[in-house]
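Below: one protein chain in two forms, given as structure tokens, structure 1 then structure 2.
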Structure 1
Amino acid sequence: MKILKKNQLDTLWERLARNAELYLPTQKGDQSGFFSYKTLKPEKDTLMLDALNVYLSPKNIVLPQTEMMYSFTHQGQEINLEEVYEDPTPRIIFGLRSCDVKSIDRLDTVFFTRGFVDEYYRSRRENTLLILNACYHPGPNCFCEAMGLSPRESESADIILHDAGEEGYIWVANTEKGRELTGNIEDILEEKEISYPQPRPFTREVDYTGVAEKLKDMFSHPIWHPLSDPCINCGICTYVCPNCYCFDIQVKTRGEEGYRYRCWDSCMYGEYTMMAGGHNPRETGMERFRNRFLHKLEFFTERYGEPLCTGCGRCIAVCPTGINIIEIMEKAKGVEPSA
């Protein structure tokens, strides 16, 4: 088997970063997330290879928080489209976890299927390579397995690393792209037979079985009131969630030039569904809360066959009011269905 010694990490990154934008899990100031290798300041920033999980998911790499769409010029009645900004820069995300790889799968499903391909997403995604760091020690809020994925396997990870401690990482090329990349850096890998680490059990007990079916008849259930009561609709849960993909489209103009861009949006905000003229079909915080959790646990499953939560635990860790998606699943399972 191929082994990547830990003292070779710097060499590897330096090599990978020659031909691609490389992102590593990093703590920068009080934020952790996947930051560009080029911007790392060794004296200030800390690598977070073992964190479960870094605060920000890697979704911004395939679906940037703000992304230019196209520019235009206008003068009098005339309008000209200038440039369409699709971004095919090669990118490599190193050290993301199974929950985050799976969330990118879900984004693929959304942006590639059902009649339309989102070209902005496609140009980024098709040029992004994923290096998965397999999980052997699930974190305190992790429950990916319950959401139907394996913490150590993934079809869409191009390379899978298994952390065997002092021995280094077991390096498994998992896709054609992964094998190609491996070919380019083979000289820094070693050939050696070592044993895979022993996985530890999950600390969270979660069972998604039957939740989607149960929720299907719970739209009008009174339980949404007490469940959503603490929520202040701050939207931070949607911001950190690797699966939340909703976006807004806005325009910026200066003089005769302008561009349209898209940016992350949140179903937790009132404006999200506010129609011209003022009517809002999801006027109350409860309705927005209900939509978020039903979307994750029921609507998405109904539409695409899998839930829109990959059990990364981020929303549980960041919610200022203690809302917990695991508890919501448990409570939903516990109630009598409403008429």
Structure 2
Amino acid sequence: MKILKKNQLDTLWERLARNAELYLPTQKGDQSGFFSYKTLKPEKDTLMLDALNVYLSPKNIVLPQTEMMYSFTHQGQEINLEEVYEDPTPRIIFGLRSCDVKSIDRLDTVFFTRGFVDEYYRSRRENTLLILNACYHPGPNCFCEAMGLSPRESESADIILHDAGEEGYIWVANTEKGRELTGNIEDILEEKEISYPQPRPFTREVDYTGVAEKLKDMFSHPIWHPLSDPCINCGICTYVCPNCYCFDIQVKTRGEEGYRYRCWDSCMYGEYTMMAGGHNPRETGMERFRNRFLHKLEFFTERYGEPLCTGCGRCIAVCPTGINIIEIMEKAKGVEPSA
């Protein structure tokens, strides 16, 4: 097997960053996420390779929080496109966990299937290589296995790293792109047989089985009122979630020039469903709360065959009022749909 010694990490990153924008899990001040290697300041920033997860997922690398779409000029009724901003820059995300790789799979499903391909997303995604850091020590908010994925394996990760401690990382090329990259850095990999780490059990006991089917008959159930009472509709859950993909499209013009861009939005905001005539089909906070969890646990499963949740636990960790998606699943399973 191939082994990457930990004292070779700096060499590896320097090599990877020559031909691609490299992102690493990093703590910058009070914020942690996947930041460009070019912005790394060793005297201020902390690499988080050993951390279970960072607060901000790598979603913004393939689906930017704000993204220019195209610019245009207009004269009267005539509009001319000046530039389309599809971005094929090669990117490498190093050290993401299985829950985040799977969330990118979910985004692929949304933006590549059902007869439509989002070209802005495609240009980024097809040029992004994923290096998974296999997870052997689940945290107190982790429940990825319950949502149908393995914390240590992935079909979509191009390379999978298994942290064997002082022995280094077991390096597994998992796709053709991964094998090509491996061939380019063979000189810093060693051939050696070592033991894989021993996984620890999950501390969260979660059972998603039957939840989607149960929720089908619970749209009008009174349980949504007490469940949603603590929610202040701040939307932080949707921004840290690696699976949420709601966005808004805006146009800015000045004289005869303008541009169109899109930016993240949130189903937790009243403006998200506000119609031109003033009607809002989800006017109350309860309705928006209900839609979020039905979408994640039932609607998406019904449409695509799997839930829009990969069990990363970020929403549990950051919610200011303690709302817990695991408890919502448990309570939904424990009531009668007709109650």
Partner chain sequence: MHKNSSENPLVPQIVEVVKIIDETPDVKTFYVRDESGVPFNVMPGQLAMVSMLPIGEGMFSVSWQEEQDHLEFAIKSVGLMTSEIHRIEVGQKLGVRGPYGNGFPVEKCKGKDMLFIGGGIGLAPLRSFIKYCFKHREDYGKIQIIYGSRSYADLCFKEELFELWPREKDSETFVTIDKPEEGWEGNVGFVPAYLEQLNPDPANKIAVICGPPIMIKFVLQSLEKMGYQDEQIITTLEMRMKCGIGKCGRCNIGSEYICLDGPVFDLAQLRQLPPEW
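Between two forms, the rigid core is the largest collection of C-alphas that superpose within 1.5 Å. The first residue in the sequence of structure 1 is number 1, and each one after it adds one. Source: prediction; values computed, not measured.
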| query | finding |
| --- | --- |
| Panel number for the form predicted on its own | 2 |
| Post core alignment: residue 184 C-alpha displaced by 2 Å or more between structure 1 and structure 2 | no |
| Is_shifted residue 108 between structure 1 and structure 2 (CA, 2 Å cut-off, rigid core) | no |
| Yes/no, residue 153 Cα shift of 2 Å or more between structure 1 and structure 2 with rigid core fixed | no |
| After superposing on the core, C-alpha shift for residue 256 between structure 1 and structure 2 in angstrom | 3.3 |
